[in-house]
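Heads up, the chain below is alone and in the form predicted on its own; it's given as structure tokens.
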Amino acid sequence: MPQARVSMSVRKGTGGASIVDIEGEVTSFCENVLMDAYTEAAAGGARAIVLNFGGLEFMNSGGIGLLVMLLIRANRQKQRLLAVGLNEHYRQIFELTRLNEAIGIYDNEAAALAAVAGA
């Protein structure tokens, strides 16, 4: 089985948010890495998870599917999912798949954290 070509690190943000920094490729092969990062980010009762796609090199339909799974998990935990660092191509993908209606897209981390704090 091919290896995931992605790394994800988690850090605490302000206002009860955790940030997941994504570097590399988001494909179906990164399921364990993504879910482990989510588990770490959600620990401690985070109200929101900010996915930082600034280091994203590639995402395919398998990766989109994983984001949908992650969204379902976050919704069950009553957590918000937000995204930052998407380039124009991936913003369009989020719009075409209507993920932008469920995952808030922000221009930068500060705007996302401000939205969490204001909720």
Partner chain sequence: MTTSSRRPDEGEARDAAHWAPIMEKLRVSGVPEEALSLNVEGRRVLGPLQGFGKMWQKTYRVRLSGSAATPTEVIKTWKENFPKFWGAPRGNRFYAPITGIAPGEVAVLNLGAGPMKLSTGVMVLYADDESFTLMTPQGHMLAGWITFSSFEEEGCTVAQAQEYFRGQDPLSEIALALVGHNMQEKLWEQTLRSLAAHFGVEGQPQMLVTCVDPKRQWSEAKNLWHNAAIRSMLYTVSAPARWMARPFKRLKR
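Residue numbers count along the first chain shown, from 1. Here the structure is a predicted model, which is why all the values come from computation and not from measurement.
If you look for the form predicted together with its partner chain, you will not find it shown, but the lines that follow are about it.
K.L.:
Of V84, L81, L66, V33, which residue is found within 4.5 angstroms of its partner chain in the predicted bound form when only non-hydrogen atoms are counted?
P.N.:
So the residue touching its partner chain in the predicted bound form, by this definition, is L66.
K.L.:
Using 4.5 Å between non-hydrogen atoms, is M59 touching its partner chain in the predicted bound form?
P.N.:
Contact with its partner chain, yes.
K.L.:
With the partner left out of view, is L99 within 4.5 angstroms of its partner chain in the predicted bound form by any non-hydrogen atom?
P.N.:
So L99 counts as contacting its partner chain.
K.L.:
Any of the heavy atoms of Y90 lying within 4.5 Å of its partner chain in the predicted bound form?
P.N.:
Yes, contact at 4.5 Å.
K.L.:
Are any of the heavy atoms in I72 no more than 4.5 Å from a heavy atom of its partner chain in the predicted bound form?
P.N.:
Yes, I72 sits close enough to its partner chain in the predicted bound form that at least one of its heavy atoms falls within 4.5 Å.
K.L.:
Select from 14 to 33 the residues with a non-hydrogen atom within 4.5 Å of its partner chain in the predicted bound form and write them out in sequence order.
P.N.:
Heavy-atom contacts within 4.5 Å come from E25, F29.
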